[in-house]
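In the block that follows, a single chain appears as structure tokens, in the form predicted on its own.
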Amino acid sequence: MPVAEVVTRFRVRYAETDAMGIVHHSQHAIWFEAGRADFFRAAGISYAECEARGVLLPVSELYVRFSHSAFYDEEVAVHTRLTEIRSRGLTFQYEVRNAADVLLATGHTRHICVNKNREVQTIPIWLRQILSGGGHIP
């Protein structure tokens, strides 16, 4: 069965905030990455394993829309979903919510599949099957 959504929870660290105690906008890209890593693990493979097999998925597009600020020591949850698998790319959608379930930010990342020589390649069938819930690591 495919992984529908993965939720990554943590508390905002002091280093992630600006002088006003508000999370700096750059942190959301890092939080999205943490959500993706957890999504891969929940699907049955680590991103490190993908890289070891010669499959890299660099970000080709990043979008974030901010709704409310997040603050130091606030508990936040990044909700991550894989919304598209194409022949050479993937799209993940994100929602960041606080403990009161207030929507703080939404966004997406698009990824292109490349090999270790950074040449664009088709997503291997084994990875496609794992991420769509229909396979295991061969």
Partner chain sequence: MTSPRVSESTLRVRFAETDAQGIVYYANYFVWFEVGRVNYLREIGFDFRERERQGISFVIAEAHCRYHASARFDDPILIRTWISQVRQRSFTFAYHVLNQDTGTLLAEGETVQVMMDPKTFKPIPIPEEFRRKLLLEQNP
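Small disclaimer: the values here were computed from a predicted structure and weren't measured. Positions refer to the first chain, counted from 1.
The discussion below concerns the form predicted together with its partner chain, not included here.
Enquirer: Indicate whether A29 is a 4.5 Å heavy atom neighbour of its partner chain in the predicted complex.
Expert: Contact check for A29: yes, within 4.5 Å of its partner chain in the predicted complex.
Enquirer: Quick one: does E95 come within 4.5 Å of its partner chain in the predicted complex, counting heavy atoms only?
Expert: No, E95 stays farther than 4.5 Å from its partner chain in the predicted complex.
Enquirer: Is S60 close enough to its partner chain in the predicted complex to count, meaning some heavy atom within 4.5 Å?
Expert: Yes, S60 lies within 4.5 Å of its partner chain in the predicted complex.
Enquirer: Give a yes/no on whether E84 approaches its partner chain to within 4.5 Å in the predicted complex, heavy atoms considered.
Expert: It does not: once its partner chain is placed as it appears in the predicted complex, E84 has no heavy atom within 4.5 Å of it.
Enquirer: Heavy atom within 4.5 Å of its partner chain in the predicted complex: which of L103, A77, I45, L56?
Expert: Checking each option against its partner chain in the predicted complex, the one that comes within 4.5 Å is L56.
Enquirer: What residues, if any, in 108-122 have a non-hydrogen atom within 4.5 angstroms of its partner chain in the predicted complex?
Expert: Residues within 4.5 Å: T109, R118.
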